[in-house]
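Take a look at this single chain in structure tokens; it is the form predicted alone.
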């Protein structure tokens, strides 16, 4: 009977360790995403994610940011965007610079940060989702 108690204790310990690891990884992804945001995105999208009226779209509360189309967000981050865009009833004209040097993990981190900051509660983005989005975007080009 004592052996079963040890097994239960070890299993509970492993479970708690896994939960803490997941929490730590999530927190680290958000920290990395915030650093990238501050160096590459903040000037145009502002520290509050509010953007600049008629120039740079807001990230806070934006339907595109909170939506399910990760592939579109990945494409915009990698390739930039230089067309007039309508977003949530407003138009924005300023071109967004491409970021082709960002690796999949950095893209996942920045999207996780943006989708979980300010009033956004859209959830984390994984490296696997980013890789799938890149593959989807490449397939659309053909």
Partner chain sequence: MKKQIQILSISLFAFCSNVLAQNNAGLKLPEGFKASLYANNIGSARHIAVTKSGVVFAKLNNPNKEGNSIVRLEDANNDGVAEKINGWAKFGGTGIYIKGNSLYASSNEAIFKYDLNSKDEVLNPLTPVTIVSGLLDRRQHNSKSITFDMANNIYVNIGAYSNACQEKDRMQGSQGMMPCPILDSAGGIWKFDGSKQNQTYKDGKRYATGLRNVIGLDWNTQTNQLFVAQHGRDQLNSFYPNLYTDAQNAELPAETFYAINEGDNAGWPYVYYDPIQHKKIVSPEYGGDSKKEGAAEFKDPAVAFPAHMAPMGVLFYTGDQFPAKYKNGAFISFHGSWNRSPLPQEGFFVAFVPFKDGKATGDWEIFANGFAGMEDGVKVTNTSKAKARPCGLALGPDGSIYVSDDTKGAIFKISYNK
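Positions refer to the first chain, counted from 1. Please read these numbers as outputs of a predicted model, since none were measured by experiment.
The next section is about a form of this same protein that is not shown, the form predicted in complex with the partner chain.
The partner chain in the predicted bound form comes within 4.5 Å of a heavy atom belonging to residue 43.
Although the partner is absent here, residue 104 sits far enough away that none of its heavy atoms falls within 4.5 Å of the partner chain in the predicted bound form. With a 4.5 Å cutoff on heavy atoms, residue 76 does not count as touching the partner chain in the predicted bound form; it lies far away.
The partner chain in the predicted bound form is approached by residue 83, whose closest heavy atom lies within 4.5 angstroms of it. Figure note: of the listed segments 105 to 113, 27 to 35, 66 to 74, 51 to 59, the one touching the partner chain in the predicted bound form, with heavy atoms no more than 4.5 Å away, is 51 to 59.
Of all the residues from 84 to 114, those having a non-hydrogen atom no more than 4.5 Å from the partner chain in the predicted bound form are 84, 92, 93, 94, 95, 97, 98, 100.
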